[in-house]
Ligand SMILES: Nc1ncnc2c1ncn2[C@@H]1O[C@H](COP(=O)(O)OP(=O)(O)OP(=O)(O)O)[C@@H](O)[C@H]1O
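Okay, so here's just one chain, in structure tokens, the form predicted alone.
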Amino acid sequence: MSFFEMRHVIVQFGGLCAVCDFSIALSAGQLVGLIGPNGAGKTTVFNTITGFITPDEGDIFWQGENIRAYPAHRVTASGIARTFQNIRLFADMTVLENVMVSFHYSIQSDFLHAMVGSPKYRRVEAEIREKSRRYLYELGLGHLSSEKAATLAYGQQRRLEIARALATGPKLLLLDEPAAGMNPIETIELAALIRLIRDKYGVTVFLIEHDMKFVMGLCERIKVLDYGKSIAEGTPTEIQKDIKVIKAYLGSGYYAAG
């Protein structure tokens, strides 16, 4: 049994097959990309993994357990976290508070302890605050911990969303277009950050991205979707040379240019 595996997953919306017989296996510690044209079904795959959508057919195995019917909160509690294509932060909360919120899955203090401000609750809260600060400093946001999330630059908001996902303690991290809207320097820094996260925390990373230079330079393996169907899987070099991928997505001038 693989660390993570999707087997013959099908998701249909009415008469449309958004994801058609999708299968993939991830090993612990891998960096894997999922690419394809807009509307290919990539985010639907992520929504299926994370419990926002239950597949019509197929199975999803996570560390030996079939999670295909798990609700989203149970998926997160099991060790899978994600970011979203459209950033979803608590805009009016501080940067630090945004990360602290994610620790609620592991808080052991009950409501009564919180209401009376017991020593147990204060101790747990202090631990969460310290851990949250640590994530922020590692992601280059420590100096902004007291700022409102809404005031951050776009690239910083992306980093904050990753910090918040890491605070849930995942073993599998799904990143939906993490480099979207970033300039070239921010993109290079993000790639280095993702490698650091993988190496330091032992997290497997599965990401969706349209920036091909970013994907090809970061991922060890790439899966390609087109109209809900898998058309190729392989190393970055293999994908860049694949005729089906060139025709469906990369374009005839891509390989020569790359």
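Keep in mind the model is a prediction, meaning the values are calculated, not measured. Numbers follow the displayed sequence, beginning with 1.
Omitted here: the form predicted in complex with the ligand. The next part is about that form.
Peer 1: Based on heavy atom distances of 4.5 Å or less, which listed stretch (33 to 41, 215 to 223, 62 to 70, 194 to 202) is in contact with the ligand in the predicted complex?
Peer 2: Result for this chain: 33 to 41.
Peer 1: Taking heavy atoms only, is Asn183 within 4.5 angstroms of the ligand in the predicted complex?
Peer 2: No, Asn183 stays farther than 4.5 Å from the ligand in the predicted complex.
Peer 1: Is there a heavy atom of Glu147 lying 4.5 Å or less from a heavy atom of the ligand in the predicted complex?
Peer 2: Because no heavy atom of Glu147 falls inside 4.5 Å of the ligand in the predicted complex, the answer is no.
Peer 1: Looking at the partner-bound form in the predicted complex, is Leu16 within 4.5 Å of the ligand by any heavy atom?
Peer 2: Although the ligand is absent here, Leu16 would touch it in the predicted complex, with heavy atoms inside 4.5 Å.
Peer 1: Is there any non-hydrogen atom of Lys229 lying within 4.5 Å of the ligand in the predicted complex?
Peer 2: No, no contact at 4.5 Å.
Peer 1: Exactly one residue in Glu138, Glu177, Glu125, Glu97 has a non-hydrogen atom within 4.5 Å of the ligand in the predicted complex; which is it?
Peer 2: Partner contact (heavy atom, 4.5 Å) among the options: Glu177.
Peer 1: Where, within 78 to 97, is there a heavy atom within 4.5 Å of the ligand in the predicted complex? Residue list please.
Peer 2: Heavy-atom contacts within 4.5 Å come from Gln85 alone.
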